[in-house]
Structures are given as structure tokens and as C-alpha cells.
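What follows is one chain in C-alpha cells, specifically the form predicted alone.
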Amino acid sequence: MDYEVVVVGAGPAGCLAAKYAAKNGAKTLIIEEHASIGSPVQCAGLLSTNAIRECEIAPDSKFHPIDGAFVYAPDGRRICISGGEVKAYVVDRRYIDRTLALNAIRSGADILMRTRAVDMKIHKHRRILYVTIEGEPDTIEADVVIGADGVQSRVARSAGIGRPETVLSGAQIETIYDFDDARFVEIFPGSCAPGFFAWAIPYQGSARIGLAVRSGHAWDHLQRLLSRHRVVSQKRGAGITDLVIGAIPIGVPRRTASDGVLITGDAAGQVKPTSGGGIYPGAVCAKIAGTVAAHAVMDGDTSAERLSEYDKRWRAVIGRELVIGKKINEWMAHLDDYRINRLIEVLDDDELLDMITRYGDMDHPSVVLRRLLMNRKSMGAFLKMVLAR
């Protein structure tokens, strides 16, 4: 088989990269190792309105609207961060992924299921993908390979591109939960989820309860959350209808392009470090990747230098937010329960909560951070908190 652009991975980033490569004139193929698009699910399914827009899909009755969040301190204090309007949607990722795959096909891309990339070589300035198709070995030639194959990207490894700096372990169940408001998610920072946070997300009468951690096994921490946490243990139901185990990359590698290769989405660590959400940044970057790949093929130049345009373009659009988000993530990861209690106490202020409501953005945390740092009340309180103990 011979294609100009081959995308490895049929998740949202892969499908959008393929859509844009095909739209820009490249003969494009998506290969997906699983037998079904969107399975297995490895996502909480909470997508910002920006993410929905970047994916170029329209919300419908399958989308569960979210207006804000209740954030619980380890000592039980709760603050309400209300968006005043729909800020996000909880979705069925299988439906989203399959919609994006169909959109890529409509744009001209081909797709092969149960096709696993095993290795990759260079031959006469082209990439040779060694694959298995339904268990049988085969090869696919391409001018450009786009790796959208997740945290453990084989494409990135074969091309000698670095991996994300940190990988969090995540676990999530689906069950029944007694939400105070089914249009609000619930967030639990602290030692219940060391280095990140836990969550309860409503979805059409059920709940997705999960967490991510920097060290240890997420499933062990989740079991403790479900049985011992002062809030979650009282509000969750007894049964479990689904279990998801996954990983969240934090921090992008130094480069995301090499000769004939681009990486995007989770493979490139293009994930919001403050929330672990990868759909919005992945969509932004994937569309750039597909466009750059197609144009490079048309120009007859798929060198690392030519493809580095992708690196420059996506970093110009969201690179600053990912850097700031990573600094916030690292700062929060080092706060103990005492300091998190103090932080929530500081934020439990009408003026500051109004500021967060007006300027908070799931995808651009620097906006509200700048406002908080410019506010005399919050800045003074933060300094006291940092210096405490």
C-alpha cells in the first residue's frame, strides 16, 4: 500500500489530522489497532465548549451540559465556581470518536481497522510502516507519518522523538452518585489523589468517578476514595457499571517533528496540565499537523526542517498556555492537605469567586491566573498561605 500521509491512531487527534491532510489534497490513510472506533474508552468525556468547536461538531441531546464545578477541600469546605452559562459538555467518547472518523472519511481519508503499527524505517526519503493487519504482517509506504497513537507512541519512539515529561496514572468508574446539581462537576484535590485531583462527573443519570496520581497505582487510590473519602463515600452508589484505566501525559517533548514524521495529541503531550484534558489542545494541534503534512507532500519536501513548521505553529497557538498550565500543575502537586485547605479558604470569597466566574477558562488558565495575581486581596492571601508552616 502507498499513501502520501498515514495517520496512526483513530482517536480525535488522529481523525482531525487525517481530515485536514485529506482536505488539503493528500492521499491519506488512518490505521487503528482496535476493532472499533472509540473503544476502549480512556477519557472522562468532559469537553469544553472550545473543544467541541475545534472538533467541528455540534452539541445535541447526547451532550450533557455543565455550568460549573464544586471544589471540595480535604477538610470538607466547598466552593462553587459557576460559569453562568454552559462551559462544557459530558459526552460519550465512542460517539465523538466515530463522528470524527466519519468526518475524516467524508473529507477523503481511508481507514483500516485492526491494523497495528509495529515498526518504521526510512527508505529513499519515504517512511515504511511495518504493520499487522488482522494479525497478518504487511507494509505501508508514506511520505509523512503522523503519530496520534497515544502516550506510549510507537511512532515517536521509532522516529527518535522524545516522550512526554511526566505520565500520570488514571482510573475511573461509572456508577450512581448523589449530585447536588447535575449540571456541576465535583472536584477533590488533596492526598486522596496525590499530585493531581479526583472528580465526579454527571452524565445522564449516572456518574463518572475517577482520579489521577503522580505515583502509585490509580486504582488503589480510587478504591480508597470510594470507601473512605468524607464526601465521595457518602454520595456514591454501590455498583460499578464500567471501569477505565488510563494515563495522562504532562509536558511536551522538545520537538514534535522529524524527517517524515509528526506527532500530535497525547503522543506529543498536548494535554492541559491543569485538568488532564487533551481534546481541545489535541484538536488544535492535529489540524495544524494534517495541514502542514499535506502541504509538505505537495511541495516535495518532507524533511525535518520543512515539517518543523508544525512545531512552530502549534506552539505559537497554545504553547504558552501549556507551559503556564504545567507550572500550575507542578505547584499544586507539592501542596499538602493543609495548604490546599488554606487555598480553598482564600478562594471562598465573593469577590474572588466572581473574578473566577468572569475570567475563568478551562482551556486558558493564564487569563484568570493573571487577574488573581493582580488582585491585592488574593495575592496577599496566597503569599500568607505559601509562607504558612
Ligand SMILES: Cc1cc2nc3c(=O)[nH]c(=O)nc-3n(C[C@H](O)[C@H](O)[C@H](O)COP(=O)(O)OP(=O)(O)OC[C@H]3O[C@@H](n4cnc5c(N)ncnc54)[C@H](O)[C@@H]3O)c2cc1C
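Please read these numbers as outputs of a predicted model, since none were measured by experiment. Note that residue numbering begins at 1 and tracks the sequence as displayed.
FYI, the form predicted in complex with the ligand isn't displayed, but the following is about it.
- Looking at 40-48, 352-360, 323-331, 66-74, the stretch with residues near the ligand in the predicted complex, meaning non-hydrogen atoms within 4.5 angstroms, turns out to be 40-48.
- Proximity of 33, 93 and 248 to the ligand in the predicted complex is complete: all three residues have a non-hydrogen atom within 4.5 angstroms.
- Residue in contact with the ligand in the predicted complex (any heavy atom within 4.5 Å), chosen from 313, 116, 306, 183: 116.
- Between the ligand and the residues 142, 109, 271, 198, the one pair within 4.5 Å by heavy atoms in the predicted complex involves 271.
- Residue contact check for residue 176: none of its heavy atoms lie within 4.5 Å of the ligand in the predicted complex.
- For the chain shown alone, residue 279 is a contact residue for the ligand in the predicted complex, at least one non-hydrogen atom being within 4.5 angstroms.
- The ligand in the predicted complex comes within 4.5 Å of a heavy atom belonging to residue 244.
- Under a 4.5 angstroms non-hydrogen atom cutoff, the ligand in the predicted complex has residue 13 among its neighbouring residues.
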